[in-house]
Ligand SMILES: Nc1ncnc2c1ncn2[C@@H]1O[C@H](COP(=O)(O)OP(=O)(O)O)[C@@H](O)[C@H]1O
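Just one chain follows, in the form predicted alone, and it is written as structure tokens.
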Amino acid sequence: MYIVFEGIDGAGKSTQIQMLKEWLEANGFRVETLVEPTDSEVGKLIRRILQRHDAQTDSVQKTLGLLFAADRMLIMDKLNDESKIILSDRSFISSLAYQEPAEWIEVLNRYAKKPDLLLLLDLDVKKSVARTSGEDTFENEEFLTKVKANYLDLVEKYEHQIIDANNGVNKVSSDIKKAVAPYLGICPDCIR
């Protein structure tokens, strides 16, 4: 199963992926985690570009769209491994939410694997800015408000669950487990 965690910056994706991984392994599942951008050479280049002061210009955004699609292609074999549950911190859906033009981003990611389950960690924009202040040029309310709206529009195309990420870490974790459990034959009412 390929489970993707999406949401604006600071929503708690990394924390929740680790918590879900530990819970799934305790329940006997083999789990692998991925993060986009990856640690490949392409992923390292993406991280450097994201730190640039001009990262939000049209030409840089189009370049990032190309690079994210290339980085994604490098992990396709892992995503097709049916012997494990793959938990991914972001996917092509992030590119659709963050980058423009959407039609072009869709073409670039035509061969990207679609998630079996998309978990959108929905966080208040003001909380996002407070949690991520100063990390890169994308943490401002105006930009993140647009991205959040993009996410809410996009999720309807995929098997998804929207998780309220404004709650405490343990409540969010419990909500995620309850969302994932039915897909794995685990009783959701048995989860604390």
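If you're wondering where the values come from, they're calculated on a predicted model, not measured in any experiment. The first residue of the shown sequence is 1; numbering continues from there.
Although not depicted, the form predicted together with the named molecule is the subject of the following passage.
Taking the partner from elsewhere, I8 is found to have a heavy atom lying within 4.5 Å of the named molecule in the predicted bound form. The named molecule is not drawn, but in the predicted bound form it has a heavy atom within 4.5 Å of N167. Although the partner is absent from this view, L20 stays clear of the named molecule in the predicted bound form, with no non-hydrogen atom inside 4.5 angstroms. Although the partner is absent here, K126 sits far enough away that none of its heavy atoms falls within 4.5 Å of the named molecule in the predicted bound form. In terms of contact with the named molecule in the predicted bound form, the residue from R30, K157, K146, R131 that brings a heavy atom within 4.5 Å is R131. When contacts are defined as a non-hydrogen atom within 4.5 Å, none of S40, G43 and I75 contacts the named molecule in the predicted bound form. Shown without its partner, the chain has V172 as the single residue in segment 172 to 186 with a non-hydrogen atom within 4.5 angstroms of the named molecule in the predicted bound form.
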